[in-house]
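Single chain ahead, by itself, as structure tokens, in the form predicted on its own.
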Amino acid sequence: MSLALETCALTRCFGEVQAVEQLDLAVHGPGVFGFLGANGAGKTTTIRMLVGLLRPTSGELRLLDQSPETNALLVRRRLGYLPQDPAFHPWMSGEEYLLHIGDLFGLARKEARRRAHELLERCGLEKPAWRRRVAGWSGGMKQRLGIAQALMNRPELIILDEPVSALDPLGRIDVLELVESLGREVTVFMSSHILADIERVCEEVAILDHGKLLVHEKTASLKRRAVRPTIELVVRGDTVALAKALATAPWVERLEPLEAPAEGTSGLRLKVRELAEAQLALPKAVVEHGLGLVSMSPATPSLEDVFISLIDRNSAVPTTEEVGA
């Protein structure tokens, strides 16, 4: 796999506030890389530095084995970028806008038109809309057009800042499938605060919090390593008294209600410190409270579980004011 993106001690300050602090990343491709963080974590500030819209205060970065400082034009020709809030010339149609982007990249008009039609279709925009002014398009349609323009130059590295933020649930599924297919061809660097979307398409993730990198790891290994074992317990009867008793057990870290699968049952989701001890103690506790055990099974942690766990651990560290998204 080739090295598509690398940063070394990348830092950006706004006055006395460090929006991004000493960021070290190495992203290989092809594939889809997830860049995660809550709003205000520093994701957009980082991306603006990557694409040349902000100068780093200090540190270094390389894209596609080139320095944007010394080879800016070469890098930009090989790069595709979708900002968080894409803007368009409202008097242009979608087709005209993509032809304009093609002109900027030096594509012949015939090739640009063919490429524009291919991308409008691939991004799920219906033909009747192609020649309508963008000013009358919905937010979701504009988001799809933004993705299309990011692909116009056949980039080797595509940087997407919150690419599904303006889409409805069905639109999100379509665009995520597109992102996943692109990851089989090139490197996609995708930021989001929607954890389920990242989990769906990204094999590798980095998590940023208050400008600092918390973790950079394969999604699967991160989920195994960073989260306490979890058990989903379903019983016949009411878990109120059982939950109160389990909350004081030393092997229980956290518990919460679990939606019951059938009438007359209830459930608990328990994050435990010692899995073996929990597996022995839970059936006994269920019987002692006069309940019937329906099921007790380990739960696969989600990326959301990982994120909450890591942010909780980091929250004890004093942080600066949040800047950027």
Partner chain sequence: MTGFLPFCRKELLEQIRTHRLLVLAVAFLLVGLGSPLIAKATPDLVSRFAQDDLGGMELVIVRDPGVREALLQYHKNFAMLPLLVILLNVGAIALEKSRRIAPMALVKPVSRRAYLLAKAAVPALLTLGGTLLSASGCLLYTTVLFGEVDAAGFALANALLFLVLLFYLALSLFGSVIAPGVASAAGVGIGGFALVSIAGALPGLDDYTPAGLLSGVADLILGRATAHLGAGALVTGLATVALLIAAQQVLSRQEL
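Predicted, not measured: the structure shown is a model, and the values here were computed from it. Numbering follows the first chain given and starts at 1.
There is also a form predicted in complex with its partner chain; it is not shown, and the following applies to it.
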My question is simply whether residue 191 lines the interface with its partner chain in the predicted bound form - judged by any non-hydrogen atom within 4.5 Å. no
Since only the chain is shown here, I'm wondering whether residue 83 would be in contact with its partner chain in the predicted bound form (any heavy atom pair within 4.5 Å). yes
Looking in the predicted bound form, any heavy atom of residue 220 within 4.5 Å of its partner chain? no
Hey, in the predicted bound form, is residue 101 touching its partner chain, heavy atoms inside 4.5 Å? yes
Contact residue in the predicted bound form, from 275, 53, 260, 287 (heavy atom within 4.5 Å of its partner chain): 53
Which one of 204, 174, 96, 156 is close to its partner chain in the predicted bound form, taking close to mean a heavy atom within 4.5 Å? 96
Can you confirm whether 9, 26 and 71, the three residues that make up this candidate site, all sit within 4.5 Å of its partner chain in the predicted bound form, judged by heavy atoms? no
Work out which of the listed stretches, 117-125, 195-203, 75-83, 211-219, brings a heavy atom within 4.5 angstroms of its partner chain in the predicted bound form. 75-83
Taking heavy atoms and a 4.5 Å limit, what residues of 105-121 are near its partner chain in the predicted bound form? 105
